[in-house]
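Single chain ahead, by itself, as structure tokens, in the form predicted alone.
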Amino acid sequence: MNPRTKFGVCLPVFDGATVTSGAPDANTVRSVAVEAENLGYDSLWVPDHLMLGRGDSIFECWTTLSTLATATNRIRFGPLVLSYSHRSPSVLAKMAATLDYISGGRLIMGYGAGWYEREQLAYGLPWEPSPYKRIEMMREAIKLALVMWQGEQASFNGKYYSVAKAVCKPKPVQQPHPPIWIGGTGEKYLLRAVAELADGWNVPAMAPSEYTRKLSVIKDHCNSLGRDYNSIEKSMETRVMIIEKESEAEQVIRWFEAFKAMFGRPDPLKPNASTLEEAKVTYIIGTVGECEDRIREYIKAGVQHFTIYPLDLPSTRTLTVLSREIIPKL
């Protein structure tokens, strides 16, 4: 693979993650992870939700990530992305240090500000309606983690969180800390947090021109903060499927319609298309040649790390064709 462009695989951990998937299956998740590693992919990703998909059936994120540490040997992995409010930030920092340690330094820490109010309330977790305040709490959670991962004892007294002489040993293998990715699109506050704190940025699929525009916002924030823009890895989460026959195209459109129904309302950040042509505008779906052209468009737009949901899993056809016929030519 071209080292300048990386490819990661989002695992099918919820019901309806792919065009054929049903309830999440542990053997399928493990086999896809192992096959992705064997095919040379760079990373594995799991969403952090407690309720998602058809019937709200989904594996818990951190438990799943922990199994990847022993199921694989080389490939990196992480949450895409953690909701700061699902776990105590200080305990999460300890969990991350342990997982990075036992995996030999392969964890990527993805953080997000959260968005799913229904999920929070259903689990008795606090819901903060202000996006600005959620981003501020996420920022503070990240800063607390950075303190926890360094030094013999950690003390931190923030507006929302604090620790007093907390010991976080063993330390992460990766020093000074595991890479921190922040996911999201908000330009005024979220992307500024990316410029301030992140080693990587991830965003849901969007048109190449919009992706480039978002990067210009990050660059402006970096300039105002004195941050090296080039030190941030630019990523995008998208749906991918190599289509060989018309029936597969119909299957993809049925999946998009079903996915929209899972949320009960349209959302610009969730998979959305009514025709195959609409799907091709935002996602990487089509023949081998069409998918190669789309990937090149996104690389030109600035994507450095594709985090993909292959829509035909548990079949590994798209994963295999992408790794053997497209990626080597990029």
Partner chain sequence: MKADFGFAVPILAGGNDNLPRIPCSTTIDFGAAKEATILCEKLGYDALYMADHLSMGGEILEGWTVLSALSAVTKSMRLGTIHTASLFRNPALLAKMSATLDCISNGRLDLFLEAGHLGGKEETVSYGLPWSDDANVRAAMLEEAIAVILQLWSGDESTFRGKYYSTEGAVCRPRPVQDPHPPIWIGTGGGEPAFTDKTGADEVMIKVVAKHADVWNNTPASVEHCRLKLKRLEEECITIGRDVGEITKSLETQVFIAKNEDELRRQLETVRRFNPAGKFFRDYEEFKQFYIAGTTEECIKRIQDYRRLGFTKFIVWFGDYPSLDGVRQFAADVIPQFR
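From a predicted model like this one, the values you see are computed outputs, not experimental measurements. Residue numbers count along the first chain shown, from 1.
The next section is about a form of this same protein that is not shown, the form predicted in complex with its partner chain.
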Close approach of Arg296 to its partner chain in the predicted complex, 4.5 Å, heavy atom: no
Lys94, heavy atom within 4.5 angstroms of its partner chain in the predicted complex: yes
Its partner chain contact at Glu290 in the predicted complex, heavy atom, 4.5 Å: no
Any non-hydrogen atom of Tyr123 within 4.5 angstroms of its partner chain in the predicted complex: yes
Among 237-245, 108-116, 164-172, 187-195, the region lying within 4.5 Å of its partner chain in the predicted complex by heavy atom distance: 164-172
Heavy atom distance at most 4.5 Å to its partner chain in the predicted complex, all of Pro24, Thr64 and Leu99: yes
Sole residue of Ile232, Val252, Met148, Leu80 within 4.5 Å of its partner chain in the predicted complex, by heavy atom: Met148
Contact residue in the predicted complex, from Lys143, Arg87, Lys214, Lys260 (heavy atom within 4.5 Å of its partner chain): Arg87
Any residue of 288-308 that, in the predicted complex, places a heavy atom within 4.5 Å of its partner chain: none
